[in-house]
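Quick setup: one chain, the form predicted alone, written in structure tokens, and binding and motion questions come after.
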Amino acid sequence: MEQANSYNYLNGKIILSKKASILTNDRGFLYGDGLYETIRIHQGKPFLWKWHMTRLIAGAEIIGLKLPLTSSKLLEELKNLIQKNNSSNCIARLTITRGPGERGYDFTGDETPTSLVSLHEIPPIEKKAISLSITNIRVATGDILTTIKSNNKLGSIMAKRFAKEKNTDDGLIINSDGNITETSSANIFYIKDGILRTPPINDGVLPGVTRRLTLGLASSLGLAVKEESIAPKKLEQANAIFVTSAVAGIRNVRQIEDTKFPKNQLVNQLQKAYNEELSKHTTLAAKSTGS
């Protein structure tokens, strides 16, 4: 088995993971002051790279973070790390913090960011559908911080803990209007009357890269798509429910609380289209680099 995380990229150097360290006054460590991206690596190629970088750059603008590397330079370093670890199918996590700074929440803008790239084994994704519970975790409708991949993920941590205590696989987070937003780590979709529905970003939803891909795939399959606020009761009437993430792709939901959902042909079609897109992307990336 490949050891995906033997080496890390840290601030311009590829080093052994066990020797990687950050300073004790790093604002990412102290305050969660930074951003990250989780990217699927398939056959040595980062999947949907440009979309991930678009989101990272947008998040950096929102929090006033100076990115230390250009997208092309970061891609170059990621490819070097993949080669060094000899791991062509894995998960890459890109973490950028504001870097070391003075004590307190304020920052000067002159800090030197910390850049960390690590690779991880793809967790075993079981073919069976997952179960969800509705958590007591809340986010504010329209909160701009829900639209970025912030290093502060306490809400997601608590949602996952809540789900575990309920003996479910993951937990749904609700917004201040009482509507569904997402799970601890995935966007949610449901199908009703032949229409694919998902919460809008303004409801407190992360603009997931796999969410974006899924919306496009649905349209290409001729499936009507609607972004709308989703009260928990609406999910009970769904014909099918699934979640999307960079790690798991498209995954069926079999149960939310006491309501069970059958398998659905439309979800199967979307899963097939996702897998085809993954393979197609790898082929196109190889051609573009001449590899």
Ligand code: PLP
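Each residue number is its position in the shown sequence, starting from 1. If you're wondering where the values come from, they're calculated on a predicted model, not measured in any experiment.
What comes next is about the form predicted in complex with ligand PLP, which is not displayed.
Checking 135-143, 157-165, 205-213, 111-119 against ligand PLP in the predicted bound form, the stretch whose residues place heavy atoms within 4.5 Å of it is 205-213.
Interface membership of residue 93, defined by any non-hydrogen atom within 4.5 Å of ligand PLP in the predicted bound form, is ruled out.
Ligand PLP in the predicted bound form is approached by residue 55, whose closest heavy atom lies within 4.5 angstroms of it. Of the heavy atoms in residue 149, some are within 4.5 Å of ligand PLP in the predicted bound form.
Proximity of residue 87 to ligand PLP in the predicted bound form falls outside the 4.5 Å heavy atom cutoff.
The candidate spot formed by 153, 182 and 186 is fully in contact with ligand PLP in the predicted bound form: every one of the three has a heavy atom within 4.5 Å. In summary, among the residues 256, 230, 240, 246, the only one with a non-hydrogen atom within 4.5 Å of ligand PLP in the predicted bound form is 246.
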